[in-house]
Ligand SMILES: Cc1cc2nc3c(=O)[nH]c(=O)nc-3n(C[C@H](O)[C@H](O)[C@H](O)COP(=O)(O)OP(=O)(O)OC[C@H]3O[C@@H](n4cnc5c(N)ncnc54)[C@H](O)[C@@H]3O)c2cc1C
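As structure tokens, one chain now follows by itself in the form predicted on its own.
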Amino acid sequence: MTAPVIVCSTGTEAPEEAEATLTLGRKVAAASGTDVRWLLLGAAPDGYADVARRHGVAAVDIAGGDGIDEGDADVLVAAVARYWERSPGQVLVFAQTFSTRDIAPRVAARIGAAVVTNAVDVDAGGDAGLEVSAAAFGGDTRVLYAVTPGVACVVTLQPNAIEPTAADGTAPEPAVEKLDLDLSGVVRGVRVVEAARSDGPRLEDADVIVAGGRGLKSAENYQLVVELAALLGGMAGASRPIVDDGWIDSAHQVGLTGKITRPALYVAAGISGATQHVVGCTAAKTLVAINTDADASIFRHARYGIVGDCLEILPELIRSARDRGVRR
């Protein structure tokens, strides 16, 4: 049998991200006639066995301990490399997060594999080997990477690139093994004192997002975005310039260096449509743009466009939402 597909999850990623990588792993495994193994680094999440069974995972391997549980990058790189030595695969899939952007390329170098970041899909099968589709040039372009047959590949999957889906039929209970990896010789260049944590709903999962940009003219006016988002039952987002200016924290930033979103409705108020922002919202089912510049780039991606001052239009939308009682 062909070497398995290995999906690696760390303690910092959301359940939806893990399920998206398992969905991709299952697709590649089915095309190449092999199995999916799930490597969990850190404490196993609640219900992991049910998730594994739902996605047809053949085996779950759990590695924890000092450094792994804290998400130390040096330790995680060593752990994955040691795991690969004992259980090599053909593809190693990570959900793309701040942490895995650091880990994945280093793991690839350790195990002698190719690496593709910003991946949106992977195809396997046939004599051509793996083909990895990835976003490039700020998300404006899709690039197809052909991996030499017989060469393993490390892939980081972009958020919201794949809709998680369960396997067809009933899968058997996966084998579960708790690993004892020898990481005693790992030298830590950086020690994690306290891991970053976020509470509450995630912008990436919001069904409705109202985002503001420099067209709001002041930090005080961002409250209009927050109010409309609340009335529509959604969340408030922001472009990078107003995050950099300190109007709102980075948890609300949409774009290549922020959150990649896929809402049903995205309202861009006072946002010009720079490439790095657009990559984070063009997957929206409906994009509404409000801008004073009729030639603004954001209108090229919008289904509905309003040429006007968002400081005049947002209060009207808020008033209409209140009158019509559209709160979701």
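For every residue, the number given is its place in the sequence shown, counted from 1. All values derive from a computational prediction rather than experimental measurement.
Keep in mind the form predicted in complex with the ligand is missing from the figure; the text below concerns it.
_Using a 4.5 angstroms cut-off on non-hydrogen atoms, would Val267 count as touching the ligand in the predicted complex?_
No, no contact at 4.5 Å.
*Decide whether Gln223 counts as a contact residue for the ligand in the predicted complex under a heavy atom distance cut-off of 4.5 Å.*
Taking the distances in the predicted complex, the answer for Gln223 is no, it never comes within 4.5 Å of the ligand.
*Verify the contact flag for Thr261: yes if a non-hydrogen atom of it lies within 4.5 Å of a non-hydrogen atom of the ligand in the predicted complex, no if not.*
No, no contact at 4.5 Å.
*asked:* Residue-level question: is Asp66 within 4.5 Å of the ligand in the predicted complex, judged on heavy atoms?
replied: The answer is no: Asp66 has no heavy atom within 4.5 Å of the ligand.
*At 4.5 angstroms, heavy atoms only, are Val77, Asp102 and Ala146 all close to the ligand in the predicted complex?*
No: none of Val77, Asp102 and Ala146 comes within 4.5 Å of the ligand in the predicted complex.
*Note which of Arg188, Arg202, Arg214, Lys178 lies within 4.5 Å of the ligand in the predicted complex, where distance is taken over heavy atoms; exactly one does.*
Result of the distance check: Arg214.
_Among the candidates Ala58, Ala274, Ala284, Ala31, the residue which, in the predicted complex, approaches the ligand to within 4.5 Å (heavy atoms)_ = Flagged contact: Ala274.
*From the candidate stretches 68-76, 106-114, 234-242, 162-170, select the single one in contact with the ligand in the predicted complex, where contact means a heavy atom within 4.5 Å.*
Stretch 234-242 is the one.
*Sequence-ordered residues of 281-297 touching the ligand in the predicted complex, heavy atom within 4.5 Å*: The stretch 281-297, when checked against the ligand in the predicted complex, contributes Ile290, Asn291, Thr292, Asp293, Ala296 at the 4.5 Å heavy-atom cut-off.
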